[in-house]
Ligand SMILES: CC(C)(COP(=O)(O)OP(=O)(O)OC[C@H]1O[C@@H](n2cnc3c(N)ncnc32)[C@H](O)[C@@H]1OP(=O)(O)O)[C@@H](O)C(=O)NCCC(=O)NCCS
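Taking the form predicted on its own, here's one chain by itself in structure tokens.
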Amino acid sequence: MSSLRQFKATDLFHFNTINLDSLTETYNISFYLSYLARWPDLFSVQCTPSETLMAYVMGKAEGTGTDWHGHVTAITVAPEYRRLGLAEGMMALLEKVSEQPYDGYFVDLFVRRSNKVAIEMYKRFGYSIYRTVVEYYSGETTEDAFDMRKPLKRDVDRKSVRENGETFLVEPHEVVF
């Protein structure tokens, strides 16, 4: 049994074990706090009954016009709690909030091209590859990202998705909302 609740500032003192994954992007404390202050309803944590943090999702609302959407900035599950369906529940909540009250057209996220497990998981959740962002991730190794999207009810014409998105290449500076 676990519960899904809004992230609190004090959770920052307890989520290091969740972030200890090479595929999880980590940020400085002010970044997390800025999301918490601006989009608290898009920042959630999954906890055990004893309040041990199991996973979190952090998102925001951005864009203009038909590009207005929810964005998944980070989602991660501690290794010992994976394959329990936690990510699916957190993504469903973020999608629901992106739809109401934010009235977004779609939800998007960026995922490393090499992260096959995550890509397949997002596809099961209804996401598809919209485009490839060349050399999006930098550091010790440079890697492309897939911009994956899931249309919401407001996108009745499904303009936020396309066929064969992995073949549509863009540079990082072209990703603007």
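For clarity, every value in this text was computed on a predicted model and none was experimentally measured. Throughout, rigid core stands for the largest set of C-alpha atoms superposing within 1.5 Å between the two forms. Numbers for residues come from their place in the sequence shown, where the first is 1.
In what follows, reference is made to the form predicted together with the named molecule, a form of this protein that is not presented.
A residue is said to contact a partner when one of its heavy atoms sits within 4.5 Å of a partner heavy atom; V111 meets this definition for the named molecule in the model of the complex. The named molecule in the model of the complex comes within 4.5 Å of a heavy atom belonging to A118. With a 4.5 Å cutoff on heavy atoms, A9 does not count as touching the named molecule in the model of the complex; it lies far away. Using a 4.5 angstroms limit between non-hydrogen atoms, A92 is distant from the named molecule in the model of the complex. The three marked residues, D147, V170 and P172, fail to reach the named molecule in the model of the complex, with no heavy atom of any inside 4.5 Å. Taking the named molecule as it sits in the model of the complex, the stretch 83-98 comes within 4.5 angstroms of it through a non-hydrogen atom at R83, L84, G85, L86, A87, E88.
Once you line up the core between this form and the one not shown, the Cα of A9 stays within less than 2 Å of where it was. Superposition on the rigid core between this form and the one not shown places the CA atom of L169 less than 2 Å from its counterpart. Annotation: Cα of Y27 displaced by at least 2 Å between this form and the one not shown, core superposition.
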